[in-house]
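Starting off, we have a lone chain in the form predicted alone, written out as structure tokens.
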Amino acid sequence: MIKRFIRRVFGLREGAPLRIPRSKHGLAREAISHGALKVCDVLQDAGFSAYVVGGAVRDLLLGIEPKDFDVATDARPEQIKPLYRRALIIGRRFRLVHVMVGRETVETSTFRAAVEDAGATEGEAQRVQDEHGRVLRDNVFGSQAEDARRRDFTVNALYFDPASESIVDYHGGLADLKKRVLRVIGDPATRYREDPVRMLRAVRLAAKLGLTLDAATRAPIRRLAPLMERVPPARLFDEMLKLLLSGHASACLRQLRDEGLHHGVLPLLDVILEQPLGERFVTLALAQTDERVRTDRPVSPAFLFAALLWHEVLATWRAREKRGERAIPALEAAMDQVLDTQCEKLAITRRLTATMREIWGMQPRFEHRSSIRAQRLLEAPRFRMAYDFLALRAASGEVPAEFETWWRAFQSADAPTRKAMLMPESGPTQKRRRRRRKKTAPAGGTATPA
């Protein structure tokens, strides 16, 4: 309805783009970053067209400050690079140029053709798809209209021209923003087959921006969810990280479950969403993460993944102990088992898994508050992160609150106070130490000098 009205006002035929002036949308050149403006100005001075495109335009229209700015142009990568002092052509699946302006990196891409337009190209590598329709390589350049058609959602297909301060809109993205609707461009099932990660992106963007999924956009998701199994684990990990660090992780996860993107599709979601014993713990972890993201405070992905998987580790650990395994070896085996399962679908990096293991491995050590053990734990490189994890466990009621209270006071106390706070070692521990002292004592003497 809104789109038809706008087209009547501007006298445009169906299928032609809307060119909307600043007076109608309110977005000014001054809202664009210095780097993106420079990239556009240089390209336009060289005779090319250049637009700020995608998420930055969408966010500015919604009153959200963009994290970065992307530029789209009719210039080819090899034409873009010589125009700038610091520029680098990157990518195999999608060739584009990173232009560095001061500390800002502006991702600059050439207009690309949509799938149906990919047949006629001038010597460029053709689009390559697998048997399920997933795009494996796409270096097919095209016109702006074709570029708009191959973008995922209408709200991401808005082109802002800094020179005229107008917005070029091919698919009614501005009208959809006004209606607070997220809609796929083209046939949703076909677009999801091209790239199944679009199903995750649809849910993430809808939750993050407070948009409603269009009925046609939503309909095929549950049926096509198994296509996620064919997405490379590294891409799934990147997309899950974006989702979890979006500042709206709780809402995103709820919607993923509502759309059927959990059972067997992503084991991480099965763990997060279906663990009654750890529901409060996970809820608190996600709420804390969302709050930190929204207030621009640092967030550790390792800590977050450790929190989301902790109760799976805990359940596996307890099961192994019931079978007679010793506590610490059982915990090590449980960590291995859970991480092996997750890394099959999500390529969680070794750096993150190493930190996660340290956080988990230190949790039993918080139960020991004797002299040597407490001091050694306090000096561990990941102590602060492990302590924050303990605090989360205490807040959820998983461990006694006194554990967290004692360790909070102990780490901030001076040396005499710490010594006074230390608890006596248990009987078995004292006996083991006496045995070690006897073994190391010189013949005919005692373990300690007179």
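As the structure is a prediction and not an experimental result, all values here were calculated from the model. So that there is no doubt, residue numbering starts at 1 and follows the sequence shown.
Below: the form predicted together with adenosine-5'-triphosphate (ATP), not depicted.
Undergrad: Consider residue 358 of the chain shown here, and say whether it contacts adenosine-5'-triphosphate (ATP) in the model of the complex, taking contact as heavy atoms within 4.5 Å.
TA: No, no contact at 4.5 Å.
Undergrad: Indicate whether residue 161 is a 4.5 Å heavy atom neighbour of adenosine-5'-triphosphate (ATP) in the model of the complex.
TA: No.
Undergrad: Is residue 206 close to adenosine-5'-triphosphate (ATP) in the model of the complex, meaning a heavy atom pair under 4.5 Å apart or at it?
TA: So residue 206 does not count as contacting adenosine-5'-triphosphate (ATP).
Undergrad: Please check if residue 150 has a heavy atom lying within 4.5 Å of any heavy atom of adenosine-5'-triphosphate (ATP) in the model of the complex.
TA: Looking in the model of the complex, residue contacts with adenosine-5'-triphosphate (ATP) include residue 150, since a heavy atom lies within 4.5 Å.
Undergrad: May I ask whether 59, 67 and 201 all come within 4.5 angstroms of adenosine-5'-triphosphate (ATP) in the model of the complex, judged by heavy atoms?
TA: Every residue of the candidate spot has a heavy atom within 4.5 Å of adenosine-5'-triphosphate (ATP) in the model of the complex.
Undergrad: Choose one stretch from 292-300, 330-338, 250-258, 235-243: the one whose residues place a heavy atom within 4.5 angstroms of adenosine-5'-triphosphate (ATP) in the model of the complex.
TA: Result of the contact check: 235-243.
Undergrad: Heavy atom within 4.5 Å of adenosine-5'-triphosphate (ATP) in the model of the complex: which of 105, 156, 166, 363 fits that? Just give me the one.
TA: Among 105, 156, 166, 363, a heavy atom within 4.5 Å of adenosine-5'-triphosphate (ATP) in the model of the complex occurs only for 156.
Undergrad: To verify the annotation, which of these, 325, 74, 195, 146, has a non-hydrogen atom within 4.5 Å of adenosine-5'-triphosphate (ATP) in the model of the complex?
TA: Going through each option in turn, the one that passes is 195.
Undergrad: Which residues, if any, of 34-57 lie within 4.5 Å of adenosine-5'-triphosphate (ATP) in the model of the complex when only heavy atoms count?
TA: Result: 54, 55.
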